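Single chain ahead, written as structure tokens, the form predicted alone.
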């Protein structure tokens, strides 16, 4: 993570990194989705409340369970959970030692899909699982989201939106702003190309805008991580390893570990897994 990226992430609460995935990786991921279209569901967590500006004609779509899909369609998703280009960012944001908090999922939207109310922990009260702090020259976060774009998103298309800098906000976000009904100018629709990576802090106010592009659907792969000692979403597979864990690499298995500190497998920036008897921060 270079100095420019540190500045932007600290300032904004999110960061767009260009060309993290190769065209070949994007193609393999999209092919896996195309071969499993029957597994798409309506997103049960999609909610717009009473907001008329975030409403649509139908809910957004979601794919889950990709890590357990039939081979070879599961393989691109297993590789993404410890993508070599993402490891240095996670080591910088979380410190040494982090874990897969949620099962990865894909959000999809076509023309008319509704959005999602803006939400985020901010800084107005301390939430121990979603926070942002800077101390002793280091930034540290609770849960962060790595969103890999599998299709282009232009500003104005809809999809992921954020309020830049809101991870440091000291007052609660008014409901009418969360509804995207007033001050829409402070809400940024994050644009990115297929293969780009968007990292955002769960403390940053974020949500989803209704999808406006008639020619192209949204496909965003979300992978969420927490520091080695934190448990946000009840653990991964109830903290027990799935049946297919033996098919994973050592690095991939390491991020399925439950929260703990001592003698934890750590990932070097080059992807090598090491275990040290002392605690690293």
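Please read all numbers here as calculations on a predicted model, not as lab measurements. Positions refer to the first chain, counted from 1.
There is also a form predicted in complex with a small molecule; it is not shown, and the following applies to it.
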item	value
One residue of 116, 187, 80, 190 in contact with the small molecule, assessed in the model of the complex (non-hydrogen atom, 4.5 angstroms)	116
Listed residue (130, 93, 197, 107) with a non-hydrogen atom within 4.5 angstroms of the small molecule in the model of the complex	107
Contact of residue 167 with the small molecule in the model of the complex (heavy atom, 4.5 Å)	no
Close approach of residue 68 to the small molecule in the model of the complex, 4.5 Å, heavy atom	no
4.5 Å heavy atom contact, residue 141 and the small molecule in the model of the complex	no
Residue 147: touches the small molecule in the model of the complex, heavy atom cutoff 4.5 angstroms	yes
Which of 121 to 129, 206 to 214, 176 to 184, 93 to 101 lines the interface with the small molecule in the model of the complex (heavy atom within 4.5 Å)	206 to 214
